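First structure 1, then structure 2: two forms of the same chain, each alone, as structure tokens.
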Structure 1
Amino acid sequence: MSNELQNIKNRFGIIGNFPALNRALEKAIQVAPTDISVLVIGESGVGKEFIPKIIHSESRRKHQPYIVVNCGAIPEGTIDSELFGHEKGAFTGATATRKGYFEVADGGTIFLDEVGELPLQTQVRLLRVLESGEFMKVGSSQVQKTNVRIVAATNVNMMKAIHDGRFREDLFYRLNTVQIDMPPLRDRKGDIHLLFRKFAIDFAEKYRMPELELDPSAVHYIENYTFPGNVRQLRNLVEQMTVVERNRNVTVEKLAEYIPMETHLPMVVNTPNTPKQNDFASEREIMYKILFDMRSDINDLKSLTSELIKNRGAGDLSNHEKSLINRIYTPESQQAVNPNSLLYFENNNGPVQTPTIISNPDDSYEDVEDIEVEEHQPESLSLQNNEKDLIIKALEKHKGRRNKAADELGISQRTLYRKIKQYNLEE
């Protein structure tokens, strides 16, 4: 390890020797003397905030302002004003002219944390700053110049955000001139015990208590835990145990009380504007209901046909009864819907059953061919038509009250409104 890298670790209190961590720090040191834009990628809690600090401290701008902006914490309606400033009277409450961060940080560095949360309108303004160094205050027509170094960070999957239309592709490539990836803690198993000891010493000094120590079994346990919250979670764990636990020797049993191994917490990754799982579940529920209603109707029709043929004979059938038979048995191929024969198809929640068509069923009747039946349009088995009919019936039953109709159908009101619009059922 180079002396420069070790000095950086000592100065910023960075613990660990994992190769991917060292590579990230080395890249930060290499790009620091330039004005190139940097994008730091990594999960929440991995320590992305150290990279822009290192870049600023090792650059020619180190004596100029360094400003941190959490893009996800600023309301969408005010973020343009925060970043670029505003003129007096530009909007309600703008009682005086205000400088934005890009004007205040002129000559220095701006760290845009959670840049993936920026609104699209603000992304356009930011792109102009990156390309020409120009911006305008909210409510002003005067173009101003700024000379800032931009370092951004995000835990959002940027390619997915671009695909979903939530982030501009041209802005991504302007920010991502150099990409620095911070590894998650679960990949740095050899560093976990070192970090634990570092935090134990720090909190023992802060709270004036003896420091915690892990026994060998506890060391093995903690090194194999996934730490979905990464370094931040480990730090909070050590602080909590330092204050709460009286026994300074931490056993594996005691450690398991705080971080049970069987707990599978989701990784802390922001995915804004993603569809809710409840909507997909509601779609499946209404499809299942239609399929099972269809199966029930087919069973009833077949049962009725069988009874009529056995008890009365084919020659005594009325036209209506003949039409019911025609729905089940087609004279051309004697194909029938067998409700006991089911075709499986997969979805996210496992297999779903739907009726299939089979030829020459065991309980078919040969004399059906000889029956002269009226031509009858087969009943539509379209999922779309049945879904539309169910929605119409539910709305009629509850006199147009959509909340009651949604409850009746077992779907969310949001899904019902979308279906009403889809089928042009709006009054």
Structure 2
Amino acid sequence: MSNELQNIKNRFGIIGNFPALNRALEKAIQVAPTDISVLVIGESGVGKEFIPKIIHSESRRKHQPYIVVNCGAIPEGTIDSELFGHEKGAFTGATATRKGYFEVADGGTIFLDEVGELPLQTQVRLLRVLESGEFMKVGSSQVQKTNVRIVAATNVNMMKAIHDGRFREDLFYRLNTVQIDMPPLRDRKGDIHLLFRKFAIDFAEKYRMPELELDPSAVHYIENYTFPGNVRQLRNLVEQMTVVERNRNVTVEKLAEYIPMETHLPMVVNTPNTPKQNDFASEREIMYKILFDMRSDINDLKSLTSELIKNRGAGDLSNHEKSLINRIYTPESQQAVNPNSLLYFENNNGPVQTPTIISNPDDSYEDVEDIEVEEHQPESLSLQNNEKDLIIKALEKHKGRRNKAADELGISQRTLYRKIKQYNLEE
């Protein structure tokens, strides 16, 4: 490893030796002296925020301002004014002219976190400032100039956001001149124990407790855990255990109480030995699992449907299609698909564009109505209830502080606001 990389790791307290992590950090060091826009992509909690800090500190802008903007946390109505400033009288409450971040950060760097959440009208302004360095305050017609380096980060699938019309393609390519991918923790198993030890030391010091230690079976367990919340989840886990656990030697059984491997909701919820204080952590874990399972089911459904549409309105199924159908529609994977239970409707105008799959009522496949009318699926209902419960718990835990609650839930503050409204949780 180069000295430079090691220095950066020491300076920022970055732990890990996994090649993909090293590559990401090295790329950041390499592009730092240029003014190239960088887009950091990675799941929530992987350490994306180190990248813009490294870039700024290794650039000639390092003595100029560094501003972090969490695009998901600023209400849609004020974000333009926050970023670009406003004129006095531009809107009700604009009692004085105000500078925006792009003016304040002139000469420095702006980190646009959760950039995928930017409203479309702000994306237009951002594109302009990226292309020409020009912007206008809200309510002003005077063009101003600024010289700002942009590093942006996202954990959303930008291609999908572009496809859905929520993100401008031209802006994406402008931001993404250089892309830095931060690998998820489950892909760098070797770093998990290192990180555990670092956090154990940090929190032992912070709470004046002896350090936690993993016994060998617990090391194996934790290295094979998927960590949907990545390093942030591991950090929270170690903090919680440092404070709560009396025994400093962490066994696999103890660890399993905090981060159960089970994937199905009823199995975990009904486990009598799940201690009360861990309910929140394990419920969140279950939520993550359900969401991941749902996402992969939806993807499978999409590819199945598109293959069917592409190939024909009716006809034989390929093996691949059968296996996809098996995975999607068969509750327990022991059952093989019965092609006779799949019918294709034809309408009067010839073959239908979208084939409909119905099941034989005598067999155990889920009824097609269950698939089409989502509200009738018990899982999606319980998901909603759980979501509401989790939000209430997170708000209680953080005494109503929404930024902390959103962080814990792994969602943006704007999403949290929306959900609070949706579930009528405002006091």
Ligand SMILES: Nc1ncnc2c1ncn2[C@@H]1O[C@H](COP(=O)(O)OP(=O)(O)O)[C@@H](O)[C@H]1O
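In this text, rigid core is short for the largest set of C-alphas that superpose within 1.5 Å between two forms. Everything quoted here is computed from the prediction, not taken from an experiment. Throughout, residue numbering runs from 1 along the sequence of structure 1.
Of the two forms shown, structure 1 is the one predicted on its own.
The two forms, fitted on the rigid core, differ between the two structures by less than 2 Å at the CA of residue 9. Superposed on the core, the two forms differ at residue 412, whose C-alpha moves 26.7 Å between the two structures.
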